[in-house]
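Presented as structure tokens, the chain that follows is alone, the form predicted alone.
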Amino acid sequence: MSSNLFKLVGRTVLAGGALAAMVATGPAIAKDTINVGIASFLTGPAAGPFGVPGRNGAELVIDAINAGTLPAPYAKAGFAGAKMNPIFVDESGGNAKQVGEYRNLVEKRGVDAVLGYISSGTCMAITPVAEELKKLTVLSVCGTPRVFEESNRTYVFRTQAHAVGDSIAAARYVLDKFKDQKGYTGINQNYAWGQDSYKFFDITMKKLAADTKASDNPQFPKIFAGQYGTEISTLSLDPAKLVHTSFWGGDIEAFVLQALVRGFFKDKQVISSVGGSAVDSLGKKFPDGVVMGTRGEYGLLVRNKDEPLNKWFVNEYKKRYNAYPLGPSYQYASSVLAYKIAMDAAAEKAGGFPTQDQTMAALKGLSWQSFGGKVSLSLADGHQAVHPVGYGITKWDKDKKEPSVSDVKFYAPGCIYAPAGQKSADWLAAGMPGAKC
């Protein structure tokens, strides 16, 4: 080959490399439609009270964003101008199945992003795969702090706060409201979410109320076991009057109905960190006097909140689905909204349709006004959300003929989450130094 030909080839290679670099770092080619995988429980015991309401919340907000009908300041149509085509997948079936579904979405269907997931077990299984495949993934729910506290993440974000805040807020609430109780126990599902929820409640109680005795025999039945007669008998015989539970989905409904017929709620003060879905699904059957949380400014605790975005969400959800939005409805809606905000911001900064990297840069550390209140991605180097967590006491409203709550109190993020860079267990063990309550 002649020297001139070598020079020509060299210039061509350099030019091609420069062009590739510009394409990689500049705005992506504009799209009319983006495809996004959205995972939620669509079948099984978690579907009716949790997964389907989550799917509905996402669907409602996606349709509004596509049409440009969300209230200000989110009225601009589309995700960086593109309409979202959601590909809903069922989270049921176990972790191995979900990993396969995730790979199918990314590798075969070529989705632009993946949103959703409810179970902590699923999130723990999906997260390393998302990092391996380098696909932007926004976790909508799940509770275990391990997702971000065990390893740094690049492609995974979570727009819902983790279980530590729920447990600390629960302990603070019962100590504010039921100072005379001298003992506590719990019934929680025997996997990451249930174990973490009770562990952090237990540690907080020991730090804040050293004279309150922990039970030697808290109950950890298998997730979705459905039958809790043995556990209810054990708890009934326990002298502890406070009973913590992080049951969700079909488990909280089954437990309430089985415990109710045995007079359990007359003898015990139950604290439910995430049972708001059962309050609506069971209606008048749900007992009064249960301390109820919704994992944030969601559902039962805020459905009468006089704020434009929340009012729009409640009214439009009721109009479409003939029901109130539940906690998962808010959580899924919030993850969709955060993705839109990030894509719009990235497009504006890039001067065109954004790449995945540009969208992730905009999502990192994002704070936004969501449907129930403010959410901030302020932990795990801007990948993990925090927000207030509240509790109230259930009561059937005879006039409106619907569930209600009284004595609602929210705890600010600075009161219930470890500061950035600290692990939750270490912060709790040290007595929550610097907590701003």
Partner chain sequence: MVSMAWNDKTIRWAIIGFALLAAAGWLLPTWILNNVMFGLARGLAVLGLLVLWRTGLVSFGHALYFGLGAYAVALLEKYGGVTDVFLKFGAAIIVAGVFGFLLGFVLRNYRAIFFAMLSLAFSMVLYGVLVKMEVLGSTDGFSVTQNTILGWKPDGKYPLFCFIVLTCVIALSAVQLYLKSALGHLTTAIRDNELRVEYLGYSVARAIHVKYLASACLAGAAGGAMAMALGQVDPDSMVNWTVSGELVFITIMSGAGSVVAPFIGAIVFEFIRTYAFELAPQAWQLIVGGTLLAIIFFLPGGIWSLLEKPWAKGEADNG
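We call the rigid core whatever largest set of C-alpha positions still superposes within 1.5 Å between the two forms. Positions refer to the first chain, counted from 1. Keep in mind the model is a prediction, meaning the values are calculated, not measured.
Unshown form predicted in complex with its partner chain; subsequent notes refer to it.
Engineer: Among 309, 89, 345, 203, which has any heavy atom within 4.5 Å of its partner chain in the model of the complex?
Structural biologist: Comparing distances to its partner chain in the model of the complex, the residue within 4.5 Å is 89.
Engineer: Going by heavy atom distances of 4.5 angstroms or less, which of 104, 304, 154, 85 would be at the interface with its partner chain in the model of the complex?
Structural biologist: Only one option qualifies, and that one is 104.
Engineer: Classify residue 93 as contacting or not contacting its partner chain in the model of the complex by the rule of any non-hydrogen atom within 4.5 angstroms, answering yes or no.
Structural biologist: Yes.
Engineer: Is there a heavy atom of residue 99 lying 4.5 Å or less from a heavy atom of its partner chain in the model of the complex?
Structural biologist: Flag for residue 99 set to yes.
Engineer: Should residue 185 be classed as touching its partner chain in the model of the complex when contacts are defined as heavy atoms within 4.5 Å?
Structural biologist: Answer no; every heavy atom of residue 185 is more than 4.5 Å from its partner chain in the model of the complex.
Engineer: Mark residue 319 yes when one of its heavy atoms lies within 4.5 Å of a heavy atom of its partner chain in the model of the complex, and no otherwise.
Structural biologist: Close contact is absent here: in the model of the complex, residue 319 is far from its partner chain, nothing within 4.5 Å, heavy atoms only.
Engineer: Please determine, with the chain shown alone, which of 270-278, 330-338, 161-169, 125-133 has non-hydrogen atoms within 4.5 Å of its partner chain in the model of the complex.
Structural biologist: That would be stretch 125-133.
Engineer: When you measure heavy atoms, are 349, 374 and 413 every one within 4.5 angstroms of its partner chain in the model of the complex?
Structural biologist: No, none of 349, 374 and 413 comes within 4.5 Å of its partner chain in the model of the complex.
Engineer: Though the partner is not shown here, which residues of 170-207 have a heavy atom within 4.5 Å of its partner chain in the model of the complex?
Structural biologist: Contacts from 170-207: 190, 191, 192, 195, 196, 199.
Engineer: Any chance the CA of residue 106 moves 2 angstroms or more between this form and the one not shown, core superposed?
Structural biologist: Result for residue 106: no, shift under 2 Å.
Engineer: Taking the rigid core as reference, does the Cα of residue 231 move 2 Å or more between this form and the one not shown?
Structural biologist: Shift at residue 231: 2 Å or more after core fit.
Engineer: Once the core is aligned, does residue 189 move its Cα by at least 2 Å between this form and the one not shown?
Structural biologist: Yes; that C-alpha moves by at least 2 Å between this form and the one not shown.
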